[in-house]
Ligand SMILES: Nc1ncnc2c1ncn2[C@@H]1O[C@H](CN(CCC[C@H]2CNCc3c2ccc(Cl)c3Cl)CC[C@H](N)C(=O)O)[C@@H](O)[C@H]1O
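This document starts with one chain, in the form predicted on its own, laid out as structure tokens.
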């Protein structure tokens, strides 16, 4: 019987590895510039519309970082992709921020903005995002240059990451031994996992990057089975519902603090995915 159980576990592990390898293959054609155009321009990033998806996400993150219980020295953004919006509020709270992504093309995109001067160094103009978050913080939109400088000053490194490994970050990363004080992860885990079990397992893996008492801020897609990562690049996604998200968070050893849900209006359905909603989770590692 033990031999049969062992054989079954080995078969399951082989299937899991095949699924992860298939996901990696899907990302070979990922185009950061196209992805940014698909998802981070109007109507999805229309700061004059109250039902626009990007302002909703920025509002969730702003509230989380200004409630007073999320803080410390070090924040890790898990699976940054080619985006920066997810750390615009965080950079005022944390003095050290690590950006991470599996793909070198995304890490290059982030480096271009962080090291850039003038215009044309980034595939997306992040100025409207910086201005919007300044307004959320009660500051003048003209303070966006100060916020940009602050973000550039606190980003310590841009690291490769693999959430399917028990140790997702390189061993020589400068993450404190005790772990980060906060993790942020937006549209990463469900987009790189072949199934719900892998999504839950990845949540458990990144939990190891977090110190006891630290917080996880998680944003992701609901009801999405695919998104376009570039022209002709169709990437599968684990279709999640609210109950599955909450169950996976708890099963991975976090204490769920809050779940918020955004339902996509028709005007946000622009043909680059089949997402029906977005979730925001605030959780804590006991």
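Residue numbers count along the first chain shown, from 1. Since this is a predicted model, take the numbers as computed values, not measurements.
Not on display, but discussed next: the form predicted together with this ligand.
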> Can you say which of 80 to 88, 172 to 180, 149 to 157, 207 to 215 gets within 4.5 Å of this ligand in the predicted bound form, counting heavy atoms only?
Replying inline: 80 to 88
>> Please tell me whether any heavy atom belonging to residue 106 falls inside 4.5 Å of a heavy atom of this ligand, as the geometry stands in the predicted bound form.
In response: yes
>> Against this ligand in the predicted bound form, would residue 74 count as a contact residue? Criterion: heavy atoms within 4.5 Å.
In response: no
>> Contact with this ligand in the predicted bound form for residue 227, defined as at least one heavy atom pair within 4.5 Å: yes or no?
In response: yes
>> At 4.5 Å between heavy atoms, is residue 27 in contact with this ligand in the predicted bound form?
In response: yes
>> Looking at 97, 203, 124, 161 here, can you tell me which has any non-hydrogen atom within 4.5 angstroms of this ligand in the predicted bound form?
In response: 161
> For 232 to 271: residues with a non-hydrogen atom within 4.5 angstroms of this ligand in the predicted bound form?
Replying inline: none
